[in-house]
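Consider the single chain below, provided in structure tokens and representing the form predicted on its own.
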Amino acid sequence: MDEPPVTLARADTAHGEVALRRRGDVLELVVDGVFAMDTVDTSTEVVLATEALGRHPAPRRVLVGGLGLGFTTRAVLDDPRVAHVDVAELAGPLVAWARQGLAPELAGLEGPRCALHVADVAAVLAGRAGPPGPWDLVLLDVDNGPDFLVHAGNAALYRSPALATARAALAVGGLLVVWSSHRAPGLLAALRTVAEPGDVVDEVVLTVHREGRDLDYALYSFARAPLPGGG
């Protein structure tokens, strides 16, 4: 795509600038000068949702960390078993643009089954902000992964203390799934350190063909053990 982007909106936040750009038919999200995502291929955002939903028998309450361009949340809402989705997004302007319908890709998410919250997902998981848990599913897509951060402050989210907090925010039998733009053995190891008897930690590698290259993305999951007897 050689044509220059057209900026739809730009705003400064305490965590840096956030901008929405249109390049032809493609919508781009840029955060603090770092490319975050676009609509060239949204399959991994959708797979984050569908992989998690397919592994839970009753995902009634879901927390999505990171609004992005809305594709993960929309895929969650497509599942009729989901009663309510909370979306925690650090960038207030992005939430405002979604509510305004600034771009069709972001429009129409909020409603009876979905609430957008301007909040740090780490604070939400810890019970310091936003809606209260527990959740059946927690989906995290707030960075390009633990080694390619959009916000340097998010590094702690991928370490054992924060992952233990995320485990505590899961309902019994709940599932945490973290998206990464690369294989992240450190994250896999950190998940294993917080696992308790009966918990299951897993890595799924996704190969995506994009702009002439094969890229390996990854999903890291943590399933909290159900009650004995399946209750």
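Note that residue numbering follows the sequence shown and begins at 1. The model shown is predicted, which means the values in this text are computed figures rather than measured ones.
If you look for the form predicted in complex with a small molecule, you will not find it shown, but the lines that follow are about it.
This chain lacks the partner; the member of 126, 119, 77, 103 within 4.5 angstroms of the small molecule in the model of the complex by a non-hydrogen atom is 119. Screening 53, 176, 37, 163 for any heavy atom within 4.5 Å of the small molecule in the model of the complex leaves a single hit, 37. Per the 4.5 Å heavy atom criterion, the small molecule in the model of the complex is contacted by stretch 24-32, the sole one of 166-174, 54-62, 24-32, 191-199. Proximity of residue 141 to the small molecule in the model of the complex falls within the 4.5 Å heavy atom cutoff. In the model of the complex, the small molecule stays beyond 4.5 Å of every heavy atom belonging to residue 135. The shortest heavy atom separation between residue 91 and the small molecule in the model of the complex is within 4.5 Å. Using a 4.5 Å cutoff between non-hydrogen atoms, residue 187 does not count as a contact of the small molecule in the model of the complex.
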